[in-house]
Ligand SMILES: O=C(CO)[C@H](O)[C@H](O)COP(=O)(O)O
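Let's start with one chain on its own, the form predicted on its own, as structure tokens.
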Amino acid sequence: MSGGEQKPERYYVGVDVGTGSVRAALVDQSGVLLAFADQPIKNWEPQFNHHEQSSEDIWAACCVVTKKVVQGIDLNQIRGLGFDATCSLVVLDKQFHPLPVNQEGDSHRNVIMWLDHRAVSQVNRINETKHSVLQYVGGVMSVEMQAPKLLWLKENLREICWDKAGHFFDLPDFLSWKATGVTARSLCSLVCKWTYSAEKGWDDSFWKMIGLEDFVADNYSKIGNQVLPPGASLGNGLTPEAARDLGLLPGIAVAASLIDAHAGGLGVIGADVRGHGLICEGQPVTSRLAVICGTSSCHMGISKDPIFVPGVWGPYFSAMVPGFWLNEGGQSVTGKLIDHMVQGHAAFPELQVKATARCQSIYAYLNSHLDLIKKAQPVGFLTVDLHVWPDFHGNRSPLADLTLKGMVTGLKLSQDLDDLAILYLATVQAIALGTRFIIEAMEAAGHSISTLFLCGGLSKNPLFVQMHADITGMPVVLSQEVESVLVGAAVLGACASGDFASVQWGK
């Protein structure tokens, strides 16, 4: 280039669909977040353990946030778009219209959410088969995966849903289809939630054994027979219709997607730690555990060779980082559990009033209140007589027992603000102890973990971070860019654009 001309800056958009909101970010070539927007999405709970959403409502929210983050930007400089989302199940008919996943026949509600536990009897029957695919999900399939939900739909909503269905999408794949018109699925979703194998593909015998031989008969067209690695470019990029919806230009590269936790893992596990005096500098990336903590928590560890950990999902090949095997531990409720404990307490209204008066969030107020009442001892010792068992929504890892319930021991008759603060602390500690339990199971099976990399909403809570460091005895690293999940989504778009050869760092 002559005269020291500079290339125009290139930008990427990441869109993250969480449990309660959709978020978008504009990210530059060095991974710095330049603009952020979020928008709530609707959740329905028509009966206990049934959790539903609307794919149309979710897409509309994606459009709102994307338009916001690209305001004032030359759209020609936006090179790629990446999506991540919760691993919820989206059901569409043969013409791609929504189908009801509920007894009421409300087709607007066409998404069974990841945390839905309606398919208990189905998952028990699947696990009784002892089929070999189960060894890749920790030995026991979770009720939160897609096969039991699909079987539930076939057995309970045959006429209004199952017989009319043309497409079953994992939510991240629904979003990339909506943007491009391409029905190809991401390897991440299919391997982690659908029993697909990166090396062998679908296992016909599994689907026949559990009573879903329908998929085998039509060559898996309803659940995906074209599978691409995360970050691969889809079709001809953004369709004119989707471009109008999102406020972007047609033809922008759109990437094969990731599950939200995996986008967070991708966003932090390869963080450059040089020059910070951290113990993990110079240690292999396989010594890092990425913990993505929001409504639930996911614990992502990678290895060069497959490691089978009882009660921990995986090993999944290339599902998050190309060429590495992934193990995924998890806690079904963490942020949701903290909210449940705090909001259900008799002193919650008082807490709201005091936090509002101080212009603080309720959790910032609780953290400062704990500092106030701890006296001379470390804050952790306030719970010496109060203990929480956190499996209010079953245990995902490492016990893999969805029938487990939660427990609190050490309650007194008093219910003042001090009691609420200490119960909150005990809940946070219980979650951190659950993380330690998962790490111990992973290490017993062959992982060697020395550092935790936290991201997600709860990583912004200093008490949550400190308790994870104290209870695991490991250093916790937080990245400078706190929105690691969105960075992970934008990395996909950057990869799809061709500006980067791989989603992997340094490539």
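Residues carry their position along the shown sequence, with the first being 1. What you see is a predicted model, and the numbers here were worked out from it, not measured in a lab.
Unshown form predicted in complex with this ligand; subsequent notes refer to it.
Asker: If contact means a heavy atom within 4.5 Å, which one of 253-261, 68-76, 158-166, 271-279 is the stretch that engages this ligand in the predicted bound form?
Answerer: Looking at the partner contacts, the answer comes out as 253-261.
Asker: Within 4.5 Å of this ligand in the predicted bound form: all of 55, 177 and 245, by heavy atom?
Answerer: Not one of the three qualifies.
Asker: Are any of the heavy atoms in residue 295 no more than 4.5 Å from a heavy atom of this ligand in the predicted bound form?
Answerer: Yes, residue 295 lies within 4.5 Å of this ligand in the predicted bound form.
Asker: Can you tell me whether residue 87 touches this ligand? I mean in the predicted bound form, with a 4.5 angstroms heavy atom cut-off.
Answerer: The answer is yes: residue 87 has a heavy atom within 4.5 Å of this ligand.
Asker: Although the partner isn't part of this model, could you tell me whether residue 149 comes within 4.5 Å of this ligand in the predicted bound form, counting any heavy atom of the residue?
Answerer: Judged by the heavy-atom cut-off of 4.5 Å, residue 149 is well away from this ligand in the predicted bound form.
Asker: Using 4.5 Å between non-hydrogen atoms, is residue 497 touching this ligand in the predicted bound form?
Answerer: Residue 497: no contact with this ligand in the predicted bound form.
Asker: In sequence order, which positions of 299-316 have a non-hydrogen atom within 4.5 Å of this ligand in the predicted bound form?
Answerer: Only 313 sits within 4.5 Å of the partner.
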